[in-house]
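Just the one chain here, laid out as structure tokens, in the form predicted alone.
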């Protein structure tokens, strides 16, 4: 069993390893925007070589067997760099696979993504889709970075199934997103599928929290960039960071980042230590709701604090707002998670 010291060391090493794929500028991110598949397969292969896809897979199945706290720490670092590679989706899929399909995902040879959502802002993993008798029928939407997927894990009323992208009866349409990535809509018409055991619900709870951690990285980096800008941008003969009104706004944003960090980290600890279903759902919803709202608030304010240049596409700060706009509703938006928190939170939860 890992000690607290082991945990801290794992998190430190993961944060350091993220520096290998997060350059000091955002030229790579800009070059990938609005292009298929929306990420760099070579960079994703490098991430898999570092064991990132295997992070939540037990050691007995060839994974790292690390906890949710490590998962969220790495997601936060990737958020700082606006990394578009399908980390969260692949970690989710890997936790549901075994055998050869799992080995291909962990090696970075194939990208397999979860396809679970049918309706906007919903946590329903089944919907109207069926995956019975080796055949899949239905429609799944809002699949992040689906343009680069080789196969999908489809959830249905009958369980889970693995569906190849190029299988007969499979149709995939791609829609561009604000951040330059893409969402896929998967239509299944009597498509051949391979049944899978397990339940996607727990993996999606972790994915929702990891998305909150990614948003934490987005807002934290945007805030740091804005502070640097305020120290160097001069107006009326002095740095705008010296103006008290702007200092007050910056202080408010710092509080939002700090509160989000506390919520995400507390939720990760709970998922690593508690098996109480209602408690697990409540802490995930509290963290995701806060991260979604705070990320939008912080990134919008950061653009305003940059002045007119912040509204141009050439300014990197705008990339952070675009990312927040896409991810704030992924795995449930703030309103949905506030509602779920109110419904499931234990009475002694504060």
Partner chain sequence: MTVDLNDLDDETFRATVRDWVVANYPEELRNPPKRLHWRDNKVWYFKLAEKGWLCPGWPAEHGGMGLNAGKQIILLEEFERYGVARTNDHGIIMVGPLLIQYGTDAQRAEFLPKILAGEHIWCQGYSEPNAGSDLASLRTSAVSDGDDWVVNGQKIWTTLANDANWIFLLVRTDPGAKKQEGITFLLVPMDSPGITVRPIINIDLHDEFCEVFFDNVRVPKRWTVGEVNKGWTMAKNLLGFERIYLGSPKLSGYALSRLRMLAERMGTWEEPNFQDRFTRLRMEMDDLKALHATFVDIVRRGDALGPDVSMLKVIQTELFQKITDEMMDIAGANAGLLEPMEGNRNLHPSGQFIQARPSTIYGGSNEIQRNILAKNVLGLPG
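Positions refer to the first chain, counted from 1. Because the structure is a prediction, the values reported are computed rather than measured.
There is also a form predicted in complex with the partner chain; it is not shown, and the following applies to it.
Colleague: Looking at 307, 51, 65, 41 here, can you tell me which has any non-hydrogen atom within 4.5 angstroms of the partner chain in the predicted bound form?
Modeller: When the partner chain is considered in the predicted bound form, the option within 4.5 Å is 307.
Colleague: If you check 164, 230, 208, 101 against the partner chain in the predicted bound form, which one has a heavy atom within 4.5 Å?
Modeller: In short, 230.
Colleague: Taking the partner as it appears in the predicted bound form, which of 174-182, 107-115, 125-133, 70-78 has residues with heavy atoms within 4.5 Å of the partner chain?
Modeller: The contacting stretch here is 174-182.
Colleague: Non-hydrogen atoms within 4.5 angstroms of the partner chain in the predicted bound form: do 246, 251 and 254 all have one?
Modeller: Yes, because 246, 251 and 254 each have a heavy atom that approaches the partner chain to within 4.5 Å in the predicted bound form.
Colleague: For residue 263, is any heavy atom within 4.5 Å of the partner chain in the predicted bound form, or not?
Modeller: Within the cut-off, so yes.
Colleague: With heavy atoms only and a cut-off of 4.5 Å, decide whether residue 20 touches the partner chain in the predicted bound form.
Modeller: Judged by the heavy-atom cut-off of 4.5 Å, residue 20 is well away from the partner chain in the predicted bound form.
Colleague: Though only this chain appears here, would residue 239 touch the partner chain in the predicted bound form if you measure heavy atom gaps against 4.5 Å?
Modeller: Result yes; residue 239 sits at the interface with the partner chain in the predicted bound form.
Colleague: Consider residue 303 of the chain shown here, and say whether it contacts the partner chain in the predicted bound form, taking contact as heavy atoms within 4.5 Å.
Modeller: Yes, residue 303 is a contact residue.
Colleague: Within 4.5 Å of the partner chain in the predicted bound form, counting any non-hydrogen atom, which residues from 306-335 show up?
Modeller: The stretch touches the partner through 307, 308, 309, 310, 311, 312, 313, 314, 318, 321, 322, 325, 326, 329.
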